[in-house]
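Next up is one chain by itself, shown in C-alpha cells, the form predicted on its own.
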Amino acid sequence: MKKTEMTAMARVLTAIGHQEADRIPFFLLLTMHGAGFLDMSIREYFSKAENVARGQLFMRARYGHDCIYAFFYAAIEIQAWGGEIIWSDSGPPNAGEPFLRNAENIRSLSPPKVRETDCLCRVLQAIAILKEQCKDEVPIIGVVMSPFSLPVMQMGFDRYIELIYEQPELFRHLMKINEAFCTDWANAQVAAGAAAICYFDPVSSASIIPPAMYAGTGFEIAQRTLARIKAPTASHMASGRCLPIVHQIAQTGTALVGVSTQEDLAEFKKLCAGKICLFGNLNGIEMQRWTQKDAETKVKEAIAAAGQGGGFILSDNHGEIPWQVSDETLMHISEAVRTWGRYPLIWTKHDT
C-alpha cells in the first residue's frame, strides 16, 4: 500500500530512526550549481548570503531533494583564520599557502571569533534566511571541518603528519584550539537554524591513516567535539573509506555516516543496520558522464543494497557534487528515486 506523502524533515527523521518512510530520502549536496542558475560567477555567488539562499531554494524546488545544504566551501574556515583563498571559475575555491608555516606558531594561535568574522557571518545569514523560508519542513544542514582534519589546510599535509608523530604536545594544543573553534562554529550554525551538522573528517578515514591510529586521534577528538554540538551530526570522510572503523564512528554519538563509493554498500548496511544511518554512495566523479540509464541503474543499485528497513539516505559519496555534473543528470537522479525509491521496495527482491 502506498504510504502518505511525508515532508522532507519527517522522511529524513524516519530514515535516521531505522524505519521505512514513504520513500528513500535523497540529498543532492549541491554548492556551486546555484551560481549557474543565477547566472553568476562562483565568486560573486558566494559573496552574498542572499545569493546562496536563493540558489539553494531554487535547487530544492527544481530537484525535490530532502535537504537544504548550507555549505559554502571548505576553505571558508581557512579564510576565517586569515588564510589565502584561491578562486576558480569551474570549481570550489581552495585554500592557498598554509598559514602555519612553523609548528611553534601553534603556541600563540587563537581561534577566530565566529560572530565577528565576515565570511562566517555570511553563512549564518544564509542559514537564517533559509530557516525563515523552510520552517521545519526541510532539514538545513550546516557543515564544519573536524579539528583533526582542518590542519591539512592550516599547515599542509606533510607538516601536519610530522606534527602528529614528532611533536605530540603541540598536536594536542592545536586540537584544543581547533575543537573550540569547531564547536563554536557548529553551534552558531545551529542557532541560526541548521537542523544538523555534517562533520567532515577525511583524515580519520582508513584511506589516509591506519585504523589503529584512529582510536587515539580522530576518534577521541570526535567524541569530545560532537558531544558539544547542540544538534544531530553526520560524520563524513569525503570519499575516504571508513568501514574498518565504522563501529568506532558509531560510538562517537554521530547519527549518520557517509559511505565511500570504494566500499560495498550492502556489506556496510548489514554491519550497521539499526545502529547508524548511512548516506551515500553515488560516485560524483563518474556522475559527470552518466546517461539517463546510468543514473537509473546506479540509483537502483544503491537502493537495493541499503534501502530495506530504513537507515539509508541516498547521496553522493564525497559531500559535494562537482560543478561539472549537469542539470539533466541531476534531474535523472531525482526521477529515478521517485520511480524506484517508494516503500515497500518490493521490486528489489527480483529486479536490480
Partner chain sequence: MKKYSEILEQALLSLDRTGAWEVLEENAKDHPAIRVIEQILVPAMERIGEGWEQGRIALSQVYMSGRICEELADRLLPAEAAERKNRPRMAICVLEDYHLLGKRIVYAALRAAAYELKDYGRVTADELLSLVREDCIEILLISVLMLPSALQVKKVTEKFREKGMNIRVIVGGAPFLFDRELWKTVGADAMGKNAGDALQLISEMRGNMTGDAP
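Source: prediction; values computed, not measured. Numbering follows the first chain given and starts at 1.
There is also a form predicted together with its partner chain; it is not shown, and the following applies to it.
S.K.: Can you pick the one in Asp136, Glu162, Glu220, Glu267 that has a heavy atom within 4.5 Å of its partner chain in the predicted complex?
M.R.: In short, Glu162.
S.K.: Could you check which residue among Gln251, Ser207, Gln125, Asn105 gets a heavy atom within 4.5 Å of its partner chain in the predicted complex?
M.R.: Contact with its partner chain in the predicted complex is made by Ser207 alone.
S.K.: Check for me whether its partner chain, as it appears in the predicted complex, comes within 4.5 angstroms of all of Gly91, Glu97 and Thr261 - heavy atoms only.
M.R.: Yes: Gly91, Glu97 and Thr261 each sit within 4.5 Å of its partner chain in the predicted complex.
S.K.: Where does its partner chain sit in the predicted complex: which of 64-72, 315-323, 50-58, 291-299, heavy atoms within 4.5 Å?
M.R.: So the stretch in question is 315-323.
S.K.: Indicate whether Met40 is a 4.5 Å heavy atom neighbour of its partner chain in the predicted complex.
M.R.: Result no; Met40 lies far from its partner chain in the predicted complex.
S.K.: With a cut-off of 4.5 Å between heavy atoms, is Arg241 one of the residues that contacts its partner chain in the predicted complex?
M.R.: Answer yes; at least one heavy atom of Arg241 falls within 4.5 Å of its partner chain in the predicted complex.
S.K.: Answer yes if any heavy atom of Ala227 is within 4.5 Å of a heavy atom of its partner chain in the predicted complex; otherwise answer no.
M.R.: Ala227 lies outside the contact set for its partner chain.
S.K.: Using heavy atoms and a 4.5 Å limit, would one call Asp158 a contact residue for its partner chain in the predicted complex?
M.R.: Result yes; Asp158 sits at the interface with its partner chain in the predicted complex.
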